[in-house]
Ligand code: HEM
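Just the one chain here, laid out as structure tokens, in the form predicted alone.
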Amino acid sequence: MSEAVSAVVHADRTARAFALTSALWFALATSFGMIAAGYLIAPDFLANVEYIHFGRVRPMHVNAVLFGFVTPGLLAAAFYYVPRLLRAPLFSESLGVFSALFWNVSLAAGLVGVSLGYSQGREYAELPWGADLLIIASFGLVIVNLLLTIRRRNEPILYVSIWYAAAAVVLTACTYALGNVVWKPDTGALKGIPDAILLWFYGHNVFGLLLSPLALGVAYYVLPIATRSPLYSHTLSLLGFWSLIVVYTHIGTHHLLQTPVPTWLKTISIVDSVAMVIPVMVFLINIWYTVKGKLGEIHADIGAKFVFTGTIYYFFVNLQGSMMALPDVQRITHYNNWVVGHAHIGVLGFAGVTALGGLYFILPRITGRPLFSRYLADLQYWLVLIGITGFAVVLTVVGLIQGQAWYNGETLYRTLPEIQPYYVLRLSLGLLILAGAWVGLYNVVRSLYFPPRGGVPCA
């Protein structure tokens, strides 16, 4: 596939706005994460500052990563490639910029609410009710702009990246409303086991029906262009799309195998979790065969290098996810740091790294000049790569220590001295990710708004 050649002029103001949003929230989200990691080493760390104690700063970190960094980063790329693949201008750049501003206000309102103690207290659904309505409205603005752009297209064939982008925002607007129980503003939750089932239907689909489709859409766009190779198989791309939509929807209950959830629902979640190898391997075979023999071209393009690395993380996170859905494996891996490591591989390793790749791929194209600094982009790549990989390894080891200890009847307090050194190492590796986030913010801002003097970019 080559970039669409069209006489249409693209302003790309929406892509710029979401790119800046992503870079800013990445820096803030990792800062929240470092505060939370500090508490695990020293529980009294900043304990007198109630607005950022662990019970509040942890959900602030999670939601800032999900909806502040990763999603806007992937949407920035989508708002760049959708008009070009459709050979039509974005329906409304003004609406797009407003949607980015509204998105920031909505998320900031939610995080301030959590910081003040207003929380629904549910995993990935902590934001208070008012912020939930704002987030849903934000998705609605994005949906309108994307779908009306698709409607006015001049290209009759919808490339698979369009399928993924459109499905992600439409499905997530629905699952967000369901998972956050927006029709019950007093509690934001149902009662008992039905609430747990609904919550994990939503919680897992944040990754499976939002981050994954958006990230796969970016990969399908960036890698063929960077390597100047046609997509290996359009048929495989559609097979991967539909199998992801069908299979992923039902796997959230594998988080509840130790609870009194109906057995038939547990069985479906286990079977579909294992069946996730189908959409994952279909995608990986398709994209890796597309770039076969072109690693030099990938290395030369910093955006493509990030995106290709994201596909490798995608392989590992889904292999791990399918394994840990098996009851015998989950007896050791559940309710401990193994799951935390798994989440970081998926959200930061796969979706986050792919989002960074999308940003670095589109920045030179929407500004008309090279990145401010390829060196800083490479530095961010290695800081994030080493940080996330080390993070995942450390948390996986800690999870195995905890799981084996609890399985053999040891008390919680006996394991704490054993895992303390790992928490120190986790914090140290987190510093690399934090540094990478702030380096990236500086590079993105300079690339967008401060061209180098004399028109010569930094090396």
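Residue indices: 1-based, along the sequence shown. Predicted, not measured: the structure shown is a model, and the values here were computed from it.
There is also a form predicted in complex with the named molecule; it is not shown, and the following applies to it.
- Although the named molecule is omitted here, in the predicted bound form all of Arg58, Leu211 and Met324 have a heavy atom within 4.5 Å of it.
- Judged by heavy atoms within 4.5 Å of the named molecule in the predicted bound form, the contact stretch among the candidates 301 to 309, 148 to 156, 273 to 281, 227 to 235 is 273 to 281.
- Using a 4.5 Å cutoff between non-hydrogen atoms, Ile419 does not count as a contact of the named molecule in the predicted bound form.
- Although the partner is absent here, Asn337 is a contact residue: one of its heavy atoms lies within 4.5 angstroms of the named molecule in the predicted bound form.
- Contact check for Leu134: every heavy atom lies farther than 4.5 Å from the named molecule in the predicted bound form.
- Residue contact check for Trp200: one or more of its heavy atoms lie within 4.5 Å of the named molecule in the predicted bound form.
- The single contact residue among Ala343, Ile245, Ile143, Ala109, judged by any heavy atom lying within 4.5 Å of the named molecule in the predicted bound form, is Ala343.
- A heavy atom within 4.5 Å of the named molecule in the predicted bound form is found for exactly one of Ile52, Val397, Leu40, Ala405: Leu40.
- Residues of 51 to 80 that come within 4.5 Å of the named molecule in the predicted bound form, judged by any heavy atom, are Phe54, Arg58, His61, Val62, Val65, Phe69, Val70 in sequence order.
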